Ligand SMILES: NC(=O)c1ccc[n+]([C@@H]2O[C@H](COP(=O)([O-])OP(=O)(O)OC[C@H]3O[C@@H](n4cnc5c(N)ncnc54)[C@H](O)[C@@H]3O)[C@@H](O)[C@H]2O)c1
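Okay, here we've got a single chain as structure tokens, the form predicted on its own, with questions on binding and movement later.
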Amino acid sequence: MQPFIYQTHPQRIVFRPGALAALGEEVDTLGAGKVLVLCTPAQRDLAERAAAVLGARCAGIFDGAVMHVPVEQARLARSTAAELGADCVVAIGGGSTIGLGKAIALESALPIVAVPTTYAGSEMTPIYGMTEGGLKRTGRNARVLPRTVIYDPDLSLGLPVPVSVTSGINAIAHAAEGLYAVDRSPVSEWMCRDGIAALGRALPVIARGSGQDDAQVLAARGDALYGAWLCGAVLGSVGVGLHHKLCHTLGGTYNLPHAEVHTIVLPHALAYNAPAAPEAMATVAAALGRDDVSGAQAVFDLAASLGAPVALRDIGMREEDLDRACELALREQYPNPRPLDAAGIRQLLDDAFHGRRPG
């Protein structure tokens, strides 16, 4: 067995249907008494459900979470938490809301209770990111890691199918890159395989939509949330490579939707790295039940079969911006199995822009 180091993170995980009802008790466990609930404008109703569960513990609701966490919005949320005297934040929703909670915790060290309703996986990582001046900057800090995570499959039942699909493939991206991370371990590799497989089983059931047995749909939602938990845990325990760098560049600089960017770029980033990481690619394909194709093709085919976008041009990217995106992606060196090559990355971006199936 290869030598390895695996760093565990102190978190409490509550995973069951109906787990939102335990939110008050989980806040009490942290010793908190005044809670600020965070959400996006569209998920205000869900935040009010959480506030009702918290009762007198709820100090208020901040419904200003937006994609890519603009620094101005982070400052406003921090000042709101301070004005209300909050000693804890509950972030209910997807990666944007949890990211906003992290922005508050980064400076205040307030504990976060995360209640994810998508498959983004941010709740399992000490990674934060904020956008300022058209550039998204990320970092790692243990103080932004949510102290408690409540996974309630019931809360994802209303998640629209297109959002479910792209969010799920976003989660797969965390594990796919984890398979060739320089600091991977047998533990993280197991989480990668099981997480990808769980999402690969769940997403087709979710995508079929109505007309299915309710128990089958709930089981698929639970599988997807379980897979997202594992894939998020991978992202929190290993470093990332080209795929995540490209997605942060495209999303933060061109304000493209986060999960959709991950969905589109992932097969092309895998194809770029395939010559340097053949075992990882084979593992991706096998976990998705596709031993007949490459890992890159398996991911592309999954996205296409589920009706997800496969071309950057279809989500607002302009072809004239591809050269600039390539330049930004090359600005900093970071661990990646294949050395960063301008011509190769420019071709990757062109393939992703046009939605070509990896060869």
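In case it trips you up, residue 1 is the first one in the sequence shown, and so on. Please read all numbers here as calculations on a predicted model, not as lab measurements.
From this point on, the text means the form predicted in complex with the ligand, which you will not see here.
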> Between the options 73, 125, 283, 249, which residue brings a heavy atom to within 4.5 Å of the ligand in the predicted bound form?
Replying inline: 125
> Which pick from 146, 178, 94, 227 sits with a heavy atom within 4.5 Å of the ligand in the predicted bound form?
Replying inline: 94
> So in the predicted bound form, are 40, 67 and 160 all sitting within 4.5 Å of the ligand, heavy atoms only?
Replying inline: yes
> Since the chain is shown here on its own, which stretch among 95-103, 79-87, 263-271, 199-207 would lie within 4.5 Å of the ligand in the predicted bound form, judged by heavy atoms?
Replying inline: 95-103
>> Just checking whether residue 245 would be counted as a contact of the ligand in the predicted bound form - the rule being heavy atoms within 4.5 angstroms.
In response: no
> So in the predicted bound form, does any heavy atom of residue 169 sit within 4.5 Å of the ligand?
Replying inline: no
>> I'd like to know if residue 235 sits close to the ligand in the predicted bound form, meaning any non-hydrogen atom pair within 4.5 angstroms.
In response: yes
>> So, residue 136 and the ligand: in the predicted bound form, are they within 4.5 Å at any heavy atom pair?
In response: yes
> Taking the ligand in the predicted bound form, which residues of 255-291 have any heavy atom within 4.5 Å of it?
Replying inline: 258, 259
